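What follows is a single chain, given as structure tokens, in the form predicted on its own.
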């Protein structure tokens, strides 16, 4: 638990350095004093920081006011990174609930099971989250059928309870929050039910800025030299511009892929080959793949070596 508390303090110090409103920071400390840390095995340790003061202040204010959050945005906007940072900051156990077309009420709340020859209730992630005062991340909420999510209405509004037929109901602990993520661009998504949407405070997640992307690269890879950070950030925004103009699909706009490519470079793989693996080859259309490859070549010379990328 001490390790998790150290992570929380580190994020709090980061927010202070970022210039977050001191009153908000004061209320975070009051929240931590009022609600002891939950199950340490489920409290995340974020790999990445989220950069963006305005979004941080919106999210923190909503959490402190007892609201549930809907993080809506496209690829590479840091929805899950922010959710993970919030859970770590508030020392809340986190449940990642990946939603899809086959999600039903039982998979969220729980279902009957046999144990020692008797029928008992096996809690689902929403029930567990409410019982332990955790943060539940409803990932890609607009991929699930609206009728399956109807069970969430009482969980998310003023009632704050989970009704389990045959087993009574559970009152959510006061520190429980639900954070949903949504991307309209993915295949299989659908229009979100108005009744469900009204139960969230909504944040429109912007694409990371070039300055913040360079900061992220600097934080994650301290020995990545400044010139290369600038080239990689510039490449990402070249791809973003092409996506916005519908010249290429969003497959290549993959921040995870960019970071994966840097990891591969760190182990000695040629930078151009690493970027092909992390970005170019995410597209399966030959014409588009060649276009992306040419964009990378325009920024990253094919003869660039790993010893020119990192400061040893």
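Positions refer to the first chain, counted from 1. Quick caveat, the model's predicted, so the values are computed rather than measured.
Separately, the form predicted together with a small molecule exists; it is not shown, and the next lines address it.
For this session: Within 4.5 Å of the small molecule in the predicted complex, counting heavy atoms only, one of 141-149, 215-223, 90-98, 119-127 shows up; tell me which.
Result: Contact-bearing stretch, as computed: 215-223.
Problem set entry | The single option of 240, 228, 183, 176 touching the small molecule in the predicted complex, heavy atom within 4.5 Å | Selected residue: 183.
Exercise. Taking the small molecule in the predicted complex as the reference, which of 233, 170, 208, 203 has a non-hydrogen atom within 4.5 Å?
Worked result: If I apply the 4.5 Å criterion carefully, the residue I get is 208.
Exercise. Does the 4.5 Å heavy atom contact test between residue 259 and the small molecule in the predicted complex come out positive?
Worked result: Contact with the small molecule, yes.
For this session: Check whether residue 31 has any heavy atom within 4.5 Å of a heavy atom of the small molecule in the predicted complex, and answer yes or no.
Result: Residue 31 lies outside the contact set for the small molecule.
Problem set entry | 4.5 angstroms heavy atom contact with the small molecule in the predicted complex for residue 80 | Flag for residue 80 set to yes.
Exercise. At the 4.5 Å heavy atom threshold, is residue 255 in contact with the small molecule in the predicted complex?
Worked result: Residue 255: contacts the small molecule in the predicted complex.
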